[in-house]
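To begin, one chain is listed below as structure tokens, in the form predicted on its own.
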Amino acid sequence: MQLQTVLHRRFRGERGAEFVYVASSAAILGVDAATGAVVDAFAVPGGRDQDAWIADQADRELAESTLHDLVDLGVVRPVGESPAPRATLPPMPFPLATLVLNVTNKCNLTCTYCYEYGEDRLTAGDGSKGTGKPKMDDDTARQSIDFLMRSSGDRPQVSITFFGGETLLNFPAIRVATEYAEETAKSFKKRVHYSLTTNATLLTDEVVDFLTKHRFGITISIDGDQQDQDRHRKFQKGVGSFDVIEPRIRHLLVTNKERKGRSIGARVTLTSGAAPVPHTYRFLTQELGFDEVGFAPVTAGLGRDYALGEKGYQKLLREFGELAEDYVAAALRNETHGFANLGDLLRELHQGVNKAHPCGAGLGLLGVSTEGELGLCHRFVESKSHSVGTVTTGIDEATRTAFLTQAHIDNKTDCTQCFARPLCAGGCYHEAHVRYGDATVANLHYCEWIRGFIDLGLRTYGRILEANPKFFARFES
């Protein structure tokens, strides 16, 4: 029988131990000499005859046993074998876990690269003036909560995320929705977790007091030190925002720590010409005091001067590698590290995540516009594309199911031979829509970047696993 090694990625640990990441199952296996010999022998075009290969081995018994073990584990399979069928979708209607309330479509900043009001926005309108109703009213906020409770099935806990525009421009709706959710959740016997993204310009004492008392998970959109922050994140009159947000962020962090609140993270949009990632990370964690930092390459159409481009992605990968060294050093001391991108990737690797869709958008997560329209996620609300219902009429299950079926990883032929597919699943829907006009296609423009980052994650995982395996216990709860 002709056998062939399935799609995989080999990587090494800190002290030379070898591992293999199996794309079909998202399993990570240790590789000894005998296992490595089998993986290599059958990783050839057209496969290899198993009997002939065994007959050529010095230790035939060991070779045959190892080969059969790898066949049983799905690492080596018959050539031409059809892959095991995968469920197109989980049983529908799938219960919601998270609802993102876009409580306002207005913003007090004019960030150059903004996907909502910048050059690549999906909505019509003039800059940060937005379209439709500028703010979500109290009735729509309450209706959104009622919708979430009805649509979350038997889930014991749900999450509500507040978003904008600049979210805090409609703090009254946040207060109303939070207090209503806490009361409503009691009758549904659910717990509610709250989170919010803000540019920090409106973090008054009243707001900070409310958010920390209700244990909000808070993400601050900030691009780094004053120079990086003020390059793209300016007020509408062209004045940089750093001097306004810096003292407000410090006040929030101090108050949150005093109240033993949840971690507060910074979200950095990476653009062409930005400071090196390690510099930005250390400024945000050591100088300002953030608990963690996540970095997101800018979403940009072709030709934007702030877009990263191929060389920019290569530079970014090198800088992620530098910051990964700090992460490994912390892990070997059994300490946490705030490099959120790498931490999230290591968690998914350890848990064997194997995605059919790149994220929960349209599945366990939906966005709500100021008018109560449901979108795939917060990035699509008010665009009138990818609407899937309203909070009063409910989800249009036919539209939702049709989109998720088309967006399934098995329908993205470009991803068929990519070892990163269990973790990437083709990439962000909104990014694909901006680049290609089709949210269901793969993000081919950053495939090499994603493969490079996941390869970095695999090597980091192997190094930590070999030197301090107990570190990963934190990802098992």
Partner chain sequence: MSNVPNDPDVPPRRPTPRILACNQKARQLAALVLAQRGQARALTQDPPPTQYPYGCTTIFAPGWEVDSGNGTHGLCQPIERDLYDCYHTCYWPAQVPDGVTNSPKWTMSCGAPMQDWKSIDLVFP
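Everything quoted here is computed from the prediction, not taken from an experiment. Numbering follows the first chain given and starts at 1.
As for the form predicted together with its partner chain, it is not shown, yet the points below apply to it.
Among residues of the shown chain, Glu258 is not one whose heavy atoms approach its partner chain to within 4.5 Å in the model of the complex. Within 4.5 Å of some heavy atom of its partner chain in the model of the complex lies at least one heavy atom of Leu349.
Although the partner is absent here, Ala432 sits far enough away that none of its heavy atoms falls within 4.5 Å of its partner chain in the model of the complex. Although the partner is absent here, Tyr461 is a contact residue: one of its heavy atoms lies within 4.5 angstroms of its partner chain in the model of the complex. No residue in the set Leu317, Asn443 and Ile450 has a non-hydrogen atom no more than 4.5 Å from its partner chain in the model of the complex.
Proximity to its partner chain in the model of the complex, taken as a non-hydrogen atom within 4.5 angstroms, holds for one residue of Asp154, Glu183, Glu335, Asp72, which is Asp72. Distance criterion of 4.5 Å from any heavy atom to its partner chain in the model of the complex singles out Val31 from the list Ala43, Cys418, Val31, Ile409. With its partner chain left out of view, the stretch that reaches within 4.5 Å of it through heavy atoms in the model of the complex is, among 409 to 417, 48 to 56, 424 to 432, 22 to 30, 22 to 30.
In the model of the complex, Thr35 is the single residue of 35 to 49 with at least one heavy atom within 4.5 Å of its partner chain.
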